[in-house]
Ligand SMILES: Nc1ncnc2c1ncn2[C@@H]1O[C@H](COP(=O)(O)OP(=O)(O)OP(=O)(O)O)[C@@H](O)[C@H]1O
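A lone chain, given as structure tokens: the form predicted alone.
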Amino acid sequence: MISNTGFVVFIHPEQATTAIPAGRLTLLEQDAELLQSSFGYGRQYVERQNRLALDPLTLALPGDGPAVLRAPPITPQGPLPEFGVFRDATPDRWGRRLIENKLQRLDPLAESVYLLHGGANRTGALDFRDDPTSPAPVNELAQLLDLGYLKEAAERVEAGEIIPARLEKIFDAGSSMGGARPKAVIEADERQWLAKFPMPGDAFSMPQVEYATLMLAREAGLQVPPLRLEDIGEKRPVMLIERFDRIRAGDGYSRRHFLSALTLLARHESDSPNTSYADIAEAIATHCAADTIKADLAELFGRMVFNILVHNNDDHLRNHGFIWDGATGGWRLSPLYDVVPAATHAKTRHLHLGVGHQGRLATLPNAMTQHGVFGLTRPQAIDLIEQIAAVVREWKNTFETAGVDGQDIDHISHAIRSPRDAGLNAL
């Protein structure tokens, strides 16, 4: 059955706590399959002095007519059926599982259903409503005291169980979030945090190891959001990472517009492995504010080097993001997120994204083959590599300080290798 479903797209202007209508999105669907998207900016929005293109590639301003996404067939699946900016604001795998549980559906739902049930906690600055006068979705943020209940609810969802009424807060707290692992949005100390839960089947304490890895990245000079661990009375704690797309404003929160690297490159998810860090660097040079390009390029190079050394091979395009910065009038590389070492006994290792002239091969010499793309001279690139390598050499100290137990450290030791083994001496 083919249907047309329409939404008014709202955007929260920077530093504002209320949203304004930007245009209308229409989804052409056949059951659970999305066939095509169309979007038209509203005239009043286009005429606003501080208007912002929702996506600089496929939804550029000015324009008050319908903009239909007809990307070139970059994958065998053909043209992209959906604007990436709206896909970024729609729940991903974990959020979709929650919505399916809430609606007691086992089969995939239409994209419009996931978008509608994304709620107020969705990523970025967008909202989707029935008409221009529809009220904003109401959401009472979960608190630290709710962590135990949210974790129990997440475990029930993972087990395929129906959520009882006493645990239904998970639907507001977690249904907007992406990624495969259980997570939820909470409020603490007048800030919003993303809580990441341990699961009974985990081979190691995933939240604690991610916390330690991000702390290591911060020590290496990379941009990492505030972090904390919360003990909820169990062996494995919950990790909290502050949301960089929410800013406290009076009694509420303002939102920051977000795009994934997947969207800023106009790529299909299946094409992510055929993309490289150099492609993201080109997007930075094209779309980021002139005053911040140099710093963002160096930051991206540093992240690539760090991922090589800790073997974080989940570095796909959705795990790189951009935030709109009204002060500079351009996009900025978002803080680092979703970094977990992948243990392996293999000597030859690869990242998800391309590293250099030798493709995805995870070595420091391969990273150096394109240092100029990141605006770095060879000496500057080597200095940055050595700075990061010096910190990663002492990774066990950081993990022990973070409370990671010996068994988990032994497990992770098969992921993190010495800079020498990654080819530092060859530089």
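Quantities reported herein were computed from a predicted structural model and do not represent experimental measurements. Start at 1 with the first residue shown and count on from there.
One more form of this protein should be noted, the form predicted in complex with the ligand, which is absent from this view; the next part is about it.
Trainee: I need to confirm a contact call. Of 196, 117, 311, 96, which residue comes within 4.5 Å of the ligand in the predicted complex, counting heavy atoms only?
Mentor: Exactly one listed residue reaches within 4.5 Å, namely 196.
Trainee: Counting any non-hydrogen atom inside 4.5 Å, which residue from 221, 137, 148, 179 sits next to the ligand in the predicted complex?
Mentor: The residue from 221, 137, 148, 179 that makes the contact is 179.
Trainee: Which of these stretches, 241 to 249, 101 to 109, 129 to 137, 165 to 173, has heavy atoms within 4.5 Å of the ligand in the predicted complex?
Mentor: Among the candidates, contact is made by 241 to 249.
Trainee: Using heavy atoms and a 4.5 Å limit, would one call residue 204 a contact residue for the ligand in the predicted complex?
Mentor: Judged by the heavy-atom cut-off of 4.5 Å, residue 204 is well away from the ligand in the predicted complex.
Trainee: In the predicted complex, is there a heavy atom of the ligand that lies within 4.5 Å of any heavy atom of residue 338, even though the partner is absent here?
Mentor: Close contact exists here: in the predicted complex, residue 338 approaches the ligand to within 4.5 Å, heavy atoms only.
Trainee: Residue-level contact is defined here as any heavy atom of the residue lying within 4.5 Å of the ligand in the predicted complex; does residue 258 satisfy this criterion?
Mentor: Output for residue 258 is yes: heavy atoms within 4.5 Å of the ligand.
Trainee: Would residue 307 count as a contact of the ligand in the predicted complex, using a 4.5 angstroms cut-off between non-hydrogen atoms?
Mentor: No - in the predicted complex, heavy atoms of residue 307 and the ligand never come within 4.5 Å of each other.
Trainee: Quick one: which residues from 308 to 326 get a non-hydrogen atom within 4.5 Å of the ligand in the predicted complex?
Mentor: 314, 316, 318, 319, in sequence order.
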